[in-house]
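Only one chain is shown below, in structure tokens, and it's the form predicted on its own.
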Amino acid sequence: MSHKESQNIEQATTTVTTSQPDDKTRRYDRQLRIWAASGQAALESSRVLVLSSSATSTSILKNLVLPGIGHFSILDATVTTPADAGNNFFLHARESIGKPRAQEAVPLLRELNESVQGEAVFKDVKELLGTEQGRDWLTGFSIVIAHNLDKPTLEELSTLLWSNPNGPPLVAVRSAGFLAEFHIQYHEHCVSQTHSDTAPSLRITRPFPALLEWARSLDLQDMDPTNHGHIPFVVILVKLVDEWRQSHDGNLPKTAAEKKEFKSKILALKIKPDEENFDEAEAQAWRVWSEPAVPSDVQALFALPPLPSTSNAHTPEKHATFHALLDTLAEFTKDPSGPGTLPLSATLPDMKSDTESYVRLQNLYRQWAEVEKNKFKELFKAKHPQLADSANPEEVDTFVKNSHHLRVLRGKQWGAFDKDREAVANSLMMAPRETATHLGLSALTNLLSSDASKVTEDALRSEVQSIVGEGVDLPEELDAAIGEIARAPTADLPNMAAFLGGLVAQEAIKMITEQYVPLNGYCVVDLVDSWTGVIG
């Protein structure tokens, strides 16, 4: 089945078919229900670079190979040591000792999924950073993941990838014993498919013509009792809002007394005490006075400033269509001939109703959502003709469908947080445990870049103090963090590698598929006390 022929989730779960699914669909069935065919296509076209073939690195790759990335490269000039053979499941134990670690790991990783291509590059990243050809190669991937890279090299790699807004994200991972953290470096990340649990507006106070006509046509007093008990709550609320406005100069309920009166009017319409649809309408009455025309999160995106200027900074080309669609969306909400809201969503929640009424309501929403989507496309073509001609129609449809839950994340370069002493000080007050662990790992990174033998509790505490500045009180939580770090500064433990591998791969998949919302900052992990947190 080609990508164009792939079914979306709605089709896959509602279409009855007698044909058997192909091998690919059977293999990826569960994840297709999570990120659909579009997400799977993005994964399969991705190229992932991992610096190091440590236990943690191979665990991350395991969780990317299984769902089906297109290709991975392991860049590692390390030879397998007895320690590696003891903690890395993707090596041939003692048989791998003395051999290139990456070359030993690649065949075992590829066994997990024969459709994934992989290669081992037996070179030092410093060598590649020193040549133009090497730098071009490093920036040619979908995402770059580095585990326990020394600070000078990580800084150089970070600067290289940050210099190009269209370059790949960088995931910097640091682990020591039972403590770890990772940070995703990106300029901007735009998400239309956030898969939010928040229901979109049902347009109850701004009903479209067909919905308002249905509500006004209902004669609740002379209706058949069975039908009366199956009117969808949406229609009930639209009817009562219409009647309320006629008797209140076009206004909605505002005061607590008015809201209470409105709810009492809903319950007064019941002709039998067990009519759950009216109880549901009363419970959903908050939508009448609490649903904004445009959600505040989306409204804020309309005023989003351009990216901060750097040597090459501009709106990334890969997000040009998204920003053009966002600009069109802002105009759509301001259009005098429009509803003054975001395009209607065809998604309806479950509700107390019979099948006939629910299907009728669903069809009304779908039909009008299609009308407003076409209006949006006309406006998009008028405002951005070149991008409208080149844009993927599926991308436009997805944007409109999910316009109630759009997100635009602005990231930071790796290491920028530690240089902002005010931000670090605030973080110490707001999240002392997470920040203390992060600072301990940052201090470890600094010390390892000079001399690993200097990693002691006193040295770590002194280095942390130099990061935050003199006069800043360090929290008690720092003692536990630096104690664990000093105990195992370079230990790559299998259980931490497994846990961290799942976390990092999950966030990498979000970045690659541009679905769900990735973290923004440092994700700190403590398996001593079993907690995670995000700071920075």
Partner chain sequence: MSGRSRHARAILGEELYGRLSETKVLLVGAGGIGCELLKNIVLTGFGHITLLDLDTIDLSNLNRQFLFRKKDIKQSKAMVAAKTASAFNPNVKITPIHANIKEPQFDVEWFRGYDIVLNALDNLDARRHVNKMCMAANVPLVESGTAGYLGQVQPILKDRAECFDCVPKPTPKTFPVCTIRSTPSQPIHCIVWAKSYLMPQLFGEDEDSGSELDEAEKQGENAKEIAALRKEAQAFKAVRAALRSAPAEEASSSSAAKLVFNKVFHGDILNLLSMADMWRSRAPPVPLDFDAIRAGTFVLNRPSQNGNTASTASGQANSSNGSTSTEKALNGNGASTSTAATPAAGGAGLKDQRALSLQDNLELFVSSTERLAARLRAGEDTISFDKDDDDTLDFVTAAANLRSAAYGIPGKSRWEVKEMAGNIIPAIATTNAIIAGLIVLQAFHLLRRSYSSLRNVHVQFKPSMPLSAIAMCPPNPACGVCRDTYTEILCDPARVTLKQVVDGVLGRGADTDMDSNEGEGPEEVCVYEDKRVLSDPDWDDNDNRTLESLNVTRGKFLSIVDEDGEYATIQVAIGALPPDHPADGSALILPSPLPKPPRRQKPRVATPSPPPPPTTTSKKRAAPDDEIEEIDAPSAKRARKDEDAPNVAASFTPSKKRRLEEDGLIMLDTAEEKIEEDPDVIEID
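Residue numbers count along the first chain shown, from 1. As the structure is a computational prediction, the values presented were derived from the model and not from experiment.
From this point on, the text means the form predicted in complex with its partner chain, which you will not see here.
Heavy atoms within 4.5 Å of its partner chain in the predicted complex map, among the stretches 174-182, 424-432, 239-247, 437-445, onto 174-182 alone. Although the partner is absent here, Gly469 lies well away from its partner chain in the predicted complex, with no heavy atom inside 4.5 Å. Contact annotation for Leu379: none of its heavy atoms lies within 4.5 Å of its partner chain in the predicted complex. The shortest heavy atom separation between Ser196 and its partner chain in the predicted complex is within 4.5 Å. In the predicted complex, its partner chain sits beyond 4.5 Å of every heavy atom of Glu476.
The contact residue chosen from Glu261, Glu317, Glu111, Asp335 relative to its partner chain in the predicted complex is Glu111, the criterion being a non-hydrogen atom within 4.5 angstroms. For the candidate spot formed by Arg26, Ile34 and Thr532, every residue has a non-hydrogen atom within 4.5 angstroms of its partner chain in the predicted complex.
Residues of 475-499 lying near its partner chain in the predicted complex, listed in sequence order, are Arg487, Ala488, Thr490, Ala491, Asp492, Leu493, Pro494, Asn495, Ala498, Phe499, the criterion being any heavy atom within 4.5 Å.
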